[in-house]
Every structure is written in C-alpha cells, then in structure tokens.
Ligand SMILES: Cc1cc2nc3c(=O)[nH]c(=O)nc-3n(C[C@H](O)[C@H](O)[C@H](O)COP(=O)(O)O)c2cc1C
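Below sits a lone chain in structure tokens, taken as the form predicted on its own.
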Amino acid sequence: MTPVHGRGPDLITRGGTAGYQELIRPVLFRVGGGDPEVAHERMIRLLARTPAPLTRTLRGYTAPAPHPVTVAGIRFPNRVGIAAGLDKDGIAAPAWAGLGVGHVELGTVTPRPQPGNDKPRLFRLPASAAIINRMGFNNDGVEAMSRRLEEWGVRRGRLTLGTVVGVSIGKNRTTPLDRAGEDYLACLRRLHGLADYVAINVSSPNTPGLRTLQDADTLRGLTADLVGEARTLNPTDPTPVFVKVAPDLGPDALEDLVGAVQDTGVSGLIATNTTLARDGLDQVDLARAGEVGGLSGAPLTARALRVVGRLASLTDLPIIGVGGIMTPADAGAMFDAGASLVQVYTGFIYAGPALIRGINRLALHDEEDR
C-alpha cells in the first residue's frame, strides 16, 4: 500500500475545518451554559431531526466519491466511521450517512437501561484537543435501541440507512463480573438480524472491573461463547463479532489478547478505547487531569497508533483504528499502520464534518494509487 499520511487536505476540507472551528464550534461549546453533555445531547437530537434532502446534500460534500471496501465480509461504503459513544441509543442513526461515513457504531448498549455515572461526567480540554469522560454506559437498553432500528426498517446487510450499522455491547453495572457473559449474549440475541456487526466492549475504564474481561482466559471464553451463539443464530452467515481493545495494554498483554481470540472466530479488533493515561496534555488543561475517566483526542493519537501497529504485527485479523484521529493525516497513519477502517469521535467534535471529507478523499486517493 502506498503511504497516505503525507497527503495534505484539499482547499475545501481546509476551509470547512476553519469555518467550523471559527464560527460553529464556539457556538456549540456554549450550548447548555458550556455543559459538554447538554451540548452533546442537543447535537444528537438536532441530527435526528435533520431532513433527508439536507443529509443527501451534506453527503455530496463529506463523501464526494464512493470507495467501498469489504472488511470481515461486510461491504462498507467507505473507510471512515463514527465510533461508539457518540450516538449511544441510535437516536440519530438515519443522519450519519449524510455526514459521509461508511459505518456508525451505536452504543455502548446494555441489556437493561441504566443512568450511568453521576454528573458531571464529561469534560472538554480544548487546549489539548481532548475530552475526558466517565459516562458509565448510560443508555436506554438494548430493547429500546432494537425497536428503534426495527421501526426504521434496518436489517443486517441491507444498508437501509445508507451506512453499515454496528453496535457496541456491554454489561450492566450491577451484573457481577462472573455473569458478564450473560449480558453480552442477551444483547447479541436481541440485535440478531439488525446489526451488521457487534463489538464487545471489554475495554471501557468507566465500569468497575470491566477491563479484567480482557484477561486472556476470560476473553477466550467470552468470545468463544459469543461467536458460538452467533453461529447458532445463523449457521450459514453469522453476525461478525469484533473486540474493542484498551490503549493501556502493553506489548505482552496485546500478544496474550490476540492469542486468546485468534482461534475463537472473532472477525476483527477495534483499537482503541479511551486511555487512563494523562500524558500529552497542554499545561492549560492540567487542572482537569485529575478527573476520573477515559481520555480521548489528540493526547491519545500516538498511543493508539502504537497499539494498532502492534496488533497488525501479531495478527491478520482486520483492525478498525480509533483514538486520536484529529486530522486526515492521523487517519492515513492508521491505515499505514495496518488499520482497514478508522473511526472518529473527539476529532469530529473538534474539527467538524470536514474531517470526514478529508479522510474520505485521502482513502479514495489511496485506492487510486494501489
């Protein structure tokens, strides 16, 4: 593959980013009196009400040309997606295709509704282009999400909403760790026939003990059970199962993780989740460094890239790169490191829809150069 991270964004992408950062983002960041969670919720509700003709117009800007790619047996319209956590309950699912993404990962969703951790639980660190969150899997439950998808006519493999729909699944906070598998299985069963893939979230730092599910023996059993159930539900074409990985695992732990899941039939890896580390913060934001929760954004860029590169050296499983993708060049570096697809979240908040356009153009040129 020809390296792509050196390609610069086109004039329209640069102008779109500058316009968003100078005109739109300051207004968004003042919504709700500057409360990031209020602003987030209002943004999602606004997207949910976006008229279809407007989303089609937006797609002409953010996805100027098609460049489909098949990963884990799924045909993605393009190589950039929305990471889990941005649209937890799938409220805005019909709008994401209009923003030019090839997939959206909804959730994380749990079997039963839960409020998440106490507020405040979401913090912006603008000088560092970062976010700290300790949301705690706040969601309306898998039943509510599934009904919403059914009402929209979403079915696996049909691209009803114009984009691949993945769902991140997790366990309820009150479920004991030794029964966590039951929660993941319940979500998988309810989403059967709806989600194009499911992602096992065992790497969030905001549910006590959750990351222990990444331990090799535990993860081997969990993934084997979920892949086995997916095959039971559809023996000829089971729902692909991905595993989302923490960025704080060392090289040996990553090797153990790959060894645990490689032979259980998982379809791919998603790297990475948010980090507990606080290196890379601007001095202006150090007062926020003590906030409990996972850090995302620019300080995570290099760490996530290292994890993707390490995983790619250990396995041929497809990798979705996520974490600190703030520019098209960051996405290009992820592709060069071995990622088949990328996802954005914090970069989208700070750079706006032009980031998606830039990544789409970069990926398109990469396809033309190969």
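Please read all numbers here as calculations on a predicted model, not as lab measurements. Note that residue numbering follows the sequence shown and begins at 1.
The same protein also exists as the form predicted together with the ligand; that form is not shown, yet it is the one meant from here on.
The listed set T239, T207, T110, N133 contains one residue whose heavy atoms approach the ligand in the model of the complex to within 4.5 Å, identified as N133. Judged by heavy atoms within 4.5 Å of the ligand in the model of the complex, the contact stretch among the candidates 269 to 277, 178 to 186, 72 to 80, 154 to 162 is 269 to 277. The three residues Q214, A246 and G309 each lack any heavy atom within 4.5 Å of the ligand in the model of the complex. Not displayed here, the ligand is kept clear of A260 by more than 4.5 Å at the level of heavy atoms in the model of the complex. Not displayed here, the ligand is kept clear of G90 by more than 4.5 Å at the level of heavy atoms in the model of the complex. Looking at P328, you'd find every heavy atom of it more than 4.5 angstroms from the ligand in the model of the complex.
By the criterion of a heavy atom within 4.5 Å, N360 is excluded from the residues contacting the ligand in the model of the complex.
For the stretch 281 to 304, the set of residues having any non-hydrogen atom within 4.5 angstroms of the ligand in the model of the complex comprises S296, G297, L300, in sequence order.
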